[in-house]
Ligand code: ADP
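Take a look at this one chain, the form predicted on its own, written out in structure tokens.
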Amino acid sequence: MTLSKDAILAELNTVTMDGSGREGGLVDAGAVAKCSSCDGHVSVVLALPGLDQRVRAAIAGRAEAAVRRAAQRAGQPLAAVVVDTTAEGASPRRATVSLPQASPSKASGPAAKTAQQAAPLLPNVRHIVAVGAGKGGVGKSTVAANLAVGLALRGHAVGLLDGDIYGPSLPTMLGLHSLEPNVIGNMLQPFLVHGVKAMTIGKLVDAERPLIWRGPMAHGAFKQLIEQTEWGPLDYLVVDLPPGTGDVCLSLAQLLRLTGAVVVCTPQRVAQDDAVRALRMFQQLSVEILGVVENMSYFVGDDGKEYDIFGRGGAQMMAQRTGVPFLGSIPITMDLRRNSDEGNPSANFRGGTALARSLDAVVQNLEAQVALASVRSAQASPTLTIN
């Protein structure tokens, strides 16, 4: 049975303002300003004018308990309950209730494996890092390309998979336009540029052809790019995902066991909201969050002056608020734009510029978080060397 909005409202109407049960319920009193329920996530907004914060908190607690009762009656597990009492300037009261999720039908033993834990490893690849974002336009592909190049410059064997099926941009960012795809047997040979092995669907279809695909087609194309590319031994495979929380992201979590994910966000609040959704998606898929990168953190003019055009530090505060690592901030500069358009990301790391220093810092922080994630997942084991 599905937990409906009407069922929640009916239960909320059993809650009275003073808790005595003698007054009318919250719905009859006009105190429920908003109520929504979707996939086990329930949000209730209460309008409680003229009441102090202590009384509001007490009413919110009773409302939260009512939502839980409604869920129990409907037999639906709850992922989260949010009761907001922000009316009239009061501070919101937020309560999250996590209940055990249903175990996979084929799981056995005391602790059932998640889909991510059961996903296969890619042969000869030590670490797979997904780079995602909650929305487009935040420079996710730019960050993915520069992370891959930066790791290669630090001596790692690196692959870069353009998983942005609908809008592949790596042919431009890596300067692949003059190169032709090569197939040996039934395996695609990656392009070797800037010390990185790269593969993108943008080199397998006409450059101006729109990919008008439904989910299963996108899943199939992404699966082929992963499984039919001759990656060879790699320390890192960086996967540039499409924006949002759609089919390709789910396909990746099912097809490969990831070391973790990097979430790209610009400083402004509207970008943070979507980045949190992407972050929660990875967590729901049991993918560890390696960290948040604040892209376009500030603009560096030709005069060397820095301009906080989007409000520097917003993504860092979002990372702190959600309890995940912050990998660093990347400025937007004329050189970054020029090098990306010209397909020369290696140039971003030269000259000791503010851009080069920030990229180096982000890459080093990513290395550290990957090492920690490997230890936590028992992928790393101690080595004893005797001379």
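Keep in mind that this is a model prediction, so the values were computed, not measured. All residue numbers refer to positions in the sequence shown, first residue = 1.
One more form of this protein exists, namely the form predicted in complex with adenosine-5'-diphosphate; it is left out here, but the text below deals with it.
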Checklist entry - Which residue among Thr200, Asn295, Thr85, Ser251 has a heavy atom within 4.5 angstroms of adenosine-5'-diphosphate in the predicted complex? => result Asn295
Checklist outcome for this item: From Val324, Ile330, Val44, Val67: within 4.5 Å of adenosine-5'-diphosphate in the predicted complex by heavy atoms is Ile330
Item to check | adenosine-5'-diphosphate in the predicted complex: contacting segment from 251 to 259, 138 to 146, 152 to 160, 274 to 282, heavy atom within 4.5 Å | outcome: 138 to 146
Checklist entry - Is there any non-hydrogen atom of Asp28 lying within 4.5 Å of adenosine-5'-diphosphate in the predicted complex? => result no
Next on the checklist: With the partner left out here, check for me: in the predicted complex, does some heavy atom of Leu336 sit within 4.5 Å of adenosine-5'-diphosphate?
Outcome noted: yes
Checklist entry - So, in the predicted complex, is Leu174 in contact with adenosine-5'-diphosphate at a 4.5 angstroms heavy atom limit? => result no
Checklist entry - Is Ser340 close to adenosine-5'-diphosphate in the predicted complex, meaning a heavy atom pair under 4.5 Å apart or at it? => result yes
Checklist entry - Which of the residues spanning 221 to 235 lie within 4.5 Å of adenosine-5'-diphosphate in the predicted complex, based on heavy atoms? => result none
